[in-house]
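Below you will find one chain, with nothing else, as structure tokens; this is the form predicted on its own, and questions on how it binds or moves follow later.
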Amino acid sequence: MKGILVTNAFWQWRKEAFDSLANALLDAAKKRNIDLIPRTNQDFLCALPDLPAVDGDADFVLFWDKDVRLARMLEQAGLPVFNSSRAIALCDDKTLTHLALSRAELPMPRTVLCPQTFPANGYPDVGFLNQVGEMLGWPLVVKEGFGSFGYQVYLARTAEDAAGIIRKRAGTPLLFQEFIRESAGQDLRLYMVGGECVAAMRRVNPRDFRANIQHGGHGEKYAPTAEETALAAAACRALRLDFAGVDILQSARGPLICEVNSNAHFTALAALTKADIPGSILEHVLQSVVK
């Protein structure tokens, strides 16, 4: 069995963590006699339908990047891609994630999509924020469509706060979300592979409303309930994900999906839980390709 591991050639921030993740996947492949060839997205400068000769006979692609167009190009060349370009695109833009999960009628914090503008126009009139506040209450969460590690997630306590946030990001897809007070600084991360939860943790951050470890949070071992696991599995089905990190908020009205990550990091979670997450991913890919 031969596969291609695609990563981004230009990513520099926390590069050691990305390299550690890639090495874990390469080691898991080696243990299963899979020839997993590391490539970056700049290695595929070609005109379809041709691919670089060394990769043209691969059995699958393990796509650990958000270069959706490259993923789609590889699919058009006839290669099975995990996760698919469609799944990555839906997860990469949180506004599209919300629409897909809403269509599946899955529970989330109440959410309002921000009206789209253009960078040159900006938001000269933000009167609509008063209506958003009436719908969701204050404070509320503002999220950029594209972002990672919680860096593009903001807490707006007033309409003035929200106006300042969205004006700086005019032209970017944005959404407004209900602030779940009882889960402030906490969430659950369930790592799902093939519809099964292979590892989970609770993330806790006493200093920030975001639970992300990058903002000062820490992970604790956690055994998810059947309801939480079923919800995470349903989210993966709705987004057609083979593997994902699903973030869940524990609210007074039950578990709510916060975010779904198609390329979720797993090294810290694997170290905490001793789960063989890269092995589970490779086993699932093998079973899928052999079918």
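No experiment lies behind these values; they were computed from the predicted model shown. Note that residue numbering begins at 1 and tracks the sequence as displayed.
There is another form of this protein, the form predicted together with a small molecule, and it is not shown here; the text below is about that form.
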In the predicted bound form, the one of Gly219, Gly164, Gly133, Pro109 near the small molecule [non-hydrogen atom within 4.5 angstroms]: Pro109
In the predicted bound form, the one of Ser85, Thr172, Thr95, Asn212 near the small molecule [non-hydrogen atom within 4.5 angstroms]: Asn212
Gly3, Phe44 and Ala58 each touching the small molecule in the predicted bound form (heavy atom, 4.5 Å): no
Partner-proximal stretch of 77-85, 147-155, 114-122, 95-103 relative to the small molecule in the predicted bound form, 4.5 angstroms, heavy atom: 147-155
Contact label in the predicted bound form: Cys258 to the small molecule, heavy atom within 4.5 Å: yes
4.5 Å heavy atom contact, Met192 and the small molecule in the predicted bound form: no
4.5 Å heavy atom contact, Ala264 and the small molecule in the predicted bound form: no
Exercise: Glu178 in contact with the small molecule in the predicted bound form, heavy atom 4.5 Å: yes
